[in-house]
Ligand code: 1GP
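One chain comes next, on its own, written as structure tokens: the form predicted alone.
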């Protein structure tokens, strides 16, 4: 849901940089109703943004219904809050942002899209091909594009495999710094360091520090392999502005259990 406190989503993203959590919803993993329930649990726990997408198995047939279900659930929660003087309506104004695998995984109902370049892909389709195909749709739909450099680090997981990425290893700090400088030079607003969905290990803190030191203008997102608040805090302390988790949220079939787990996770992240 588009926040009324900001004129655009990127200003919201910048304003909440520092210790914020993003829940990543994979429409191929859950029905729209289940996805919406997970999002409500996450926002109630303190998540400040919702990504919808995945590295495989997503297209307009499952992305759009998922985005619509999430938006409707947020609207209902906001309305319910308006009926109780003790509750905050603004707490439910959390943007729903597309995190697409390609031009076929879009929705006009999203608030924004991470208009990304997979910078270390060896396939030009992920550098500019899918982006060219998706740009007219995004322009027509009026979905706000947020320019993002996307860099996949070892171990890479499914994202690295699908994206045909030349993975950044833990000791390649000079290289990741150069990618950060390149992303800033392109005019991107965001740099996302990704270890891969379900990765055994997260992005090494040294890579996060190097990227942060190379650019103080980019909003730095870090995801993949982060399963607990301590790991999230280590990434934040290294320089991450936002922490993204997906698999962690998929482990729970009960929304209350997910909310309780994320409350602990976010409290430790923010400590």
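Bear in mind the structure is a predicted one, so any value in this text is a computation, not a measurement. Residue numbers count along the first chain shown, from 1.
The discussion below concerns the form predicted together with this ligand, not included here.
Remark: residue 155 does not count among the residues lining this ligand in the predicted complex, judged by a heavy atom distance of 4.5 Å or less. Under a 4.5 angstroms non-hydrogen atom cutoff, this ligand in the predicted complex lacks residue 189 among its neighbouring residues.
Residue 196 belongs to the set of residues with a heavy atom inside 4.5 Å of this ligand in the predicted complex. Within 4.5 Å of some heavy atom of this ligand in the predicted complex lies at least one heavy atom of residue 24. With the partner omitted here, the stretch from 197-205, 128-136, 72-80, 168-176 that lies within 4.5 Å of this ligand by heavy atoms in the predicted complex is 197-205. For the options 245, 37, 58, 47, the one in contact with this ligand in the predicted complex, meaning a heavy atom within 4.5 Å, is 245. Of all the residues from 144-171, the single one having a non-hydrogen atom no more than 4.5 Å from this ligand in the predicted complex is 150.
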